[in-house]
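One chain is shown next in structure tokens, namely the form predicted on its own.
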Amino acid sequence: MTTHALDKSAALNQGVIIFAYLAILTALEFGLAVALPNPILLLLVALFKAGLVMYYYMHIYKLAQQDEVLPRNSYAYKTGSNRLGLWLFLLSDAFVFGALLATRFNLWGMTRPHLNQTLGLAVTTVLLVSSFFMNRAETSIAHGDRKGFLNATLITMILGIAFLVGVVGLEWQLAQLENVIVNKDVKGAVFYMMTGMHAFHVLTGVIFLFLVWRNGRRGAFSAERYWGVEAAAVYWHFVDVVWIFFYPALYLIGTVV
């Protein structure tokens, strides 16, 4: 069942259920990496997690919704066009992250540097929780709950900043202690490029969310007109999808060297 056909309570509950699935799958992913480090199984788990986020949180099905002829100056028509443009942008951006993943496996093979597993799992959890609150923010404004939208967006921003602190402020420093240095060898070059590019997208996402939150406080969005919130949510969940693949590639797959 899709969120566009649900009332507010059911839509929020669906967000909770999807988050529970993601949490269970992340725990399973970590357990598989410890007990049965099979990259194919880890890839399948990541693909399933990404599918859940893309369908239920990013609402990819909305791309096929607009089948009736609408006036070109209508809000619905413009939203449909903007939605397609956003997804095309994300598709182009996905090629960049795909190239980084290909570089990781080409240069590292089935090895990986020694990284802090607890911190890796923690920042991953923070980002997943942020997607949960971003979904609540979008669902709230879609049903006319301005206060719920503002509160959930603010929490999402805080969690995004916490993720940046965990990766850039802590993980980068700890990685250097493990001799993962940016200009020393391919270990450091790939690690800092992957995490740095992703952190940059998280930062731009936080800025995007702040602008949406500020405009929301000024009454710019309603249940009938909230494209800006949807765009911010889709972008934020895209960043989450990228990390769904980066996390096992950096922390779980391969032998530590």
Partner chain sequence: MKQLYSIPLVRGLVWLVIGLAAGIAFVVGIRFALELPVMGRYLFTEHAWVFGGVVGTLAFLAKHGVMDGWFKVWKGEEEAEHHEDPEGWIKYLGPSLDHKVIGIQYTVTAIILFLVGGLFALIFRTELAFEGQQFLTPDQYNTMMSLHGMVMIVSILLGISGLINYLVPLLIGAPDMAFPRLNAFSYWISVPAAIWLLLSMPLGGVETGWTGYPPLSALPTKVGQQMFFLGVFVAGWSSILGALNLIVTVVRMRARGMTAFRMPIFVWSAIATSLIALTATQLIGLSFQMVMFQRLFGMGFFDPAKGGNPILFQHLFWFYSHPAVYVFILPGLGVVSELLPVFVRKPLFGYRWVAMSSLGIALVGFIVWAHHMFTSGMNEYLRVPFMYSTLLVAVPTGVKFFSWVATIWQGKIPSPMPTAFLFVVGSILVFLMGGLSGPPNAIVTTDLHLHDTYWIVGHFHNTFFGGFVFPFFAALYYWFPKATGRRLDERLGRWHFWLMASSFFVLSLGMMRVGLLGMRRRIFDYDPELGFQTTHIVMTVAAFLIALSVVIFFVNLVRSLRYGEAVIGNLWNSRSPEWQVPSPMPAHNYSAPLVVVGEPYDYGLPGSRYVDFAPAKVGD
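Fair warning: this is a prediction, and the values are worked out from it, not measured in the lab. Positions refer to the first chain, counted from 1.
Same protein, other form: the form predicted in complex with the partner chain, not shown, and the subject of what follows.
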property: Sole residue of W213, F48, F30, Y192 within 4.5 Å of the partner chain in the predicted complex, by heavy atom; result: Y192
property: Answer option from G144, G169, G85, G109, heavy atom within 4.5 Å of the partner chain in the predicted complex; result: G85
property: Proximity of P113 to the partner chain in the predicted complex, heavy atoms at 4.5 Å; result: no
property: Exercise: L91 in contact with the partner chain in the predicted complex, heavy atom 4.5 Å; result: yes
property: Contact flag, M197 vs the partner chain in the predicted complex, heavy atom cut 4.5 Å; result: yes
property: Partner contact for V129 in the predicted complex: the partner chain, 4.5 angstroms, heavy atom; result: no
property: Joint contact, L154, A175 and T255 to the partner chain in the predicted complex, by non-hydrogen atom at 4.5 Å; result: no
property: Which of 161 to 169, 120 to 128, 145 to 153, 70 to 78 sits within 4.5 Å of the partner chain in the predicted complex, heavy atom basis; result: 70 to 78
property: Stretch 93 to 116: residues contacting the partner chain in the predicted complex, 4.5 Å heavy atom cut-off; result: D93, F95, V96, A99, L100, T103, N106, L107
